[in-house]
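This document starts with one chain, in the form predicted on its own, laid out as structure tokens.
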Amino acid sequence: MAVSTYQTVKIERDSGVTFLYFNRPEKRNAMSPQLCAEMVAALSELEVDDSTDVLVLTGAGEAFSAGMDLKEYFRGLDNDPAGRLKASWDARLFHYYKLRQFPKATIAMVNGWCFGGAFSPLTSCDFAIAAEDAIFGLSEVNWGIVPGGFVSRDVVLTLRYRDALWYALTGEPFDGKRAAEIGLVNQAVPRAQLRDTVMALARKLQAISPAVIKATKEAIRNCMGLSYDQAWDYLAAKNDQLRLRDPEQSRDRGIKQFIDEKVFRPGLGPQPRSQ
């Protein structure tokens, strides 16, 4: 499936792994209203793109994203209430609804600066791998504002409470190694190894049934707000639903491979997929 071309977003493909770039390197990939609108459009196309198994979100040049483009959001829309409303809604759609609910596995590849509003698309990805020398920061306190949008909620969801307060109240920057220590990213690696590490994870995810990936994402996301009794019932229904929606019949195949054929051992690699 061919996808559209964009001005502030770039798409590259690598055998089922689709790289979606913030593409304003001259602005350290700061997110403008146009960029957020184009991200919404690109994600809408890629979520039904059969040639996309895994999505990697990253930045062109030396930055992941420097956050929201304050000039374009504040000054550029001062006298345009309709434009301001659309820009706000596009940002919400991109940062949360489209990205967090993307039906395929997503990986944030943090290749450089990641500040402010960029924390939301970062935490909306299923996985995050950063270069050890990438720089993170919640600098809003220095601008006289709180981390807005979904950022304050996202950092509390992702970080320990005291770490969230520390970085939000001090505005101190921190590197990729520290981001891994406090749980903002899954791991940090030397910059020269970043893409290879991301690709290794992506290839591992490609070996798993897409229907199982999608259902598991939904289960993990939705169970957070449920009681234990609600989670028990929800997950039983989810597994029944998955048996109907999985064209690969992964459950039946896995039981056969484990019990009868003895070619699959849980925890020792992905279940062999049907050819």
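Since this is a predicted model, take the numbers as computed values, not measurements. One rule holds for the numbers: they count along the sequence shown, beginning at 1.
Same protein, other form: the form predicted together with a small molecule, not shown, and the subject of what follows.
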Can you tell me whether S139 touches the small molecule? I mean in the predicted complex, with a 4.5 angstroms heavy atom cut-off.
yes
The small molecule contact in the predicted complex: G67, any heavy atom under 4.5 Å:
yes
Classify V54 as contacting or not contacting the small molecule in the predicted complex by the rule of any non-hydrogen atom within 4.5 angstroms, answering yes or no.
no
Partner contact for E218 in the predicted complex: the small molecule, 4.5 angstroms, heavy atom
no
Can you tell me which of 40-48, 27-35, 223-231, 240-248 lies within 4.5 Å of the small molecule in the predicted complex, counting heavy atoms only?
27-35
Within 4.5 Å of the small molecule in the predicted complex, do we find a heavy atom from each of W113, G117 and W143?
yes
Of R92, R84, K71, R153, which one comes within 4.5 Å of the small molecule in the predicted complex, counting heavy atoms only?
K71
